[in-house]
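Before any questions on binding or motion, here is one chain by itself as C-alpha cells, the form predicted alone.
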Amino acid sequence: MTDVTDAPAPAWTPSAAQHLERVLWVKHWTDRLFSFAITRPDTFRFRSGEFVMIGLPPAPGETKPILRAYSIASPSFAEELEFLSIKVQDGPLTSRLQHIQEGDAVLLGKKPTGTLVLDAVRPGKRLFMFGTGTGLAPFLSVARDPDAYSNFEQVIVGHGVREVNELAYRDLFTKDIFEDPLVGEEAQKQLVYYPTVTREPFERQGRFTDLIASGKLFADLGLDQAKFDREHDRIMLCGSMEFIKDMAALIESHGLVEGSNAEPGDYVLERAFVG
C-alpha cells in the first residue's frame, strides 16, 4: 500500500481556509456512486452529521479550485474522513473527483458546520434519519456515534434510492455495524435499517412520503401509530430539494417543529448539496 504521507505536494498552494489532504482509499459502488476517505488533520474537529467544503487543486490552466459541500460520513472520532459522492460526468467538481486515486491531493475546508447533529434535536425516544441517494452520508456518521444510542431508545436509518445497487453501505447496516467495537452491542438492540427502492423490484418499494402517509412505515416498524408523535419522534432529513420540501411539509402536518443549532426542535434538515 502506498504511503500517502510521502506523496509529493502539488506546486499549487491552498488558501489559509483549506487543508491539503491525501486520498486513503476509493470505493466505486456503481457508475453513479462512489465513496472515498482522506487523511484527517490533527486540528480538524467536527460533530457527527456535519458537512465541510471539499475540492481539488486547480487543473492545468485554472487558477482557483472548485469546492462543494459534502457531508462527512465518518463519525466525529474517526481517524480518517469519509465521504459519499455522486458522479456527474459534466459536473464542475465530480467530473474530476470521481477519478481520484489513493495518494491524490484533496482540499478540505477548515470550518465544518451543519444542522444534522444530535445537538439540534430535542430529547426523544426514536430518532428517524431519512436520506435519499448520497443524502445517506450524514447518517453514516450519526449512526456510528455512541451518543445516538445514548440519546435515543431506537435509531432508524431510512435510505431511499432508485435502483437496488444504489443501496450503498447496505452491508454496514445489516451486518458490519453490529461488530463495531464502540456501538455494535447497542446497534444490535436499537438500530433499524429501512431501505426502499423506487424503480426496481425490492423487498420494500416506494417513496418515503408515500410510505409515511399510508402508515406503512409505522406498521413495518411495529409502531402503533398512524403518524409521527411529537412527544417521542425526532427526524433528520437529507436529500434533494424536492425530497426535503415534501418531507418537511408532511412532517409539519403531523405537528412537528423544525429545529436548528440555536434552537433544537423536533426535526432538522440539510440544504447543502454536491455538484
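Residue numbers here begin at 1 and follow the sequence given. In this text the structure is predicted, and so the values were computed from the model without any measurement.
One more form of this protein should be noted, the form predicted in complex with a small molecule, which is absent from this view; the next part is about it.
Engineer: Please run the contact check for residue 122 against the small molecule in the predicted bound form: heavy atoms, 4.5 angstroms, yes or no?
Structural biologist: Although the small molecule is absent here, residue 122 would stay clear of it in the predicted bound form, with no heavy atoms inside 4.5 Å.
Engineer: Taking the shortest heavy atom distance, is residue 35 within 4.5 Å of the small molecule in the predicted bound form?
Structural biologist: Judged by the heavy-atom cut-off of 4.5 Å, residue 35 is well away from the small molecule in the predicted bound form.
Engineer: Should residue 198 be classed as touching the small molecule in the predicted bound form when contacts are defined as heavy atoms within 4.5 Å?
Structural biologist: The answer is yes: residue 198 has a heavy atom within 4.5 Å of the small molecule.
Engineer: Verify the contact flag for residue 246: yes if a non-hydrogen atom of it lies within 4.5 Å of a non-hydrogen atom of the small molecule in the predicted bound form, no if not.
Structural biologist: Flag for residue 246 set to yes.
Engineer: Kindly indicate whether 76, 113 and 138 are, all three, within 4.5 angstroms of the small molecule in the predicted bound form, using heavy atoms.
Structural biologist: Checking in the predicted bound form: none of 76, 113 and 138 is within 4.5 Å of the small molecule.
Engineer: Just to confirm the contact call: exactly one of 97-105, 77-85, 159-167, 143-151 touches the small molecule in the predicted bound form at a 4.5 Å heavy atom cutoff, so which is it?
Structural biologist: Looking at the other structure, the answer is 159-167.
Engineer: Considering the small molecule in the predicted bound form, which of 240, 225, 30, 214 comes within 4.5 Å of it through any heavy atom?
Structural biologist: It is 240 that has a heavy atom within 4.5 Å of the partner.
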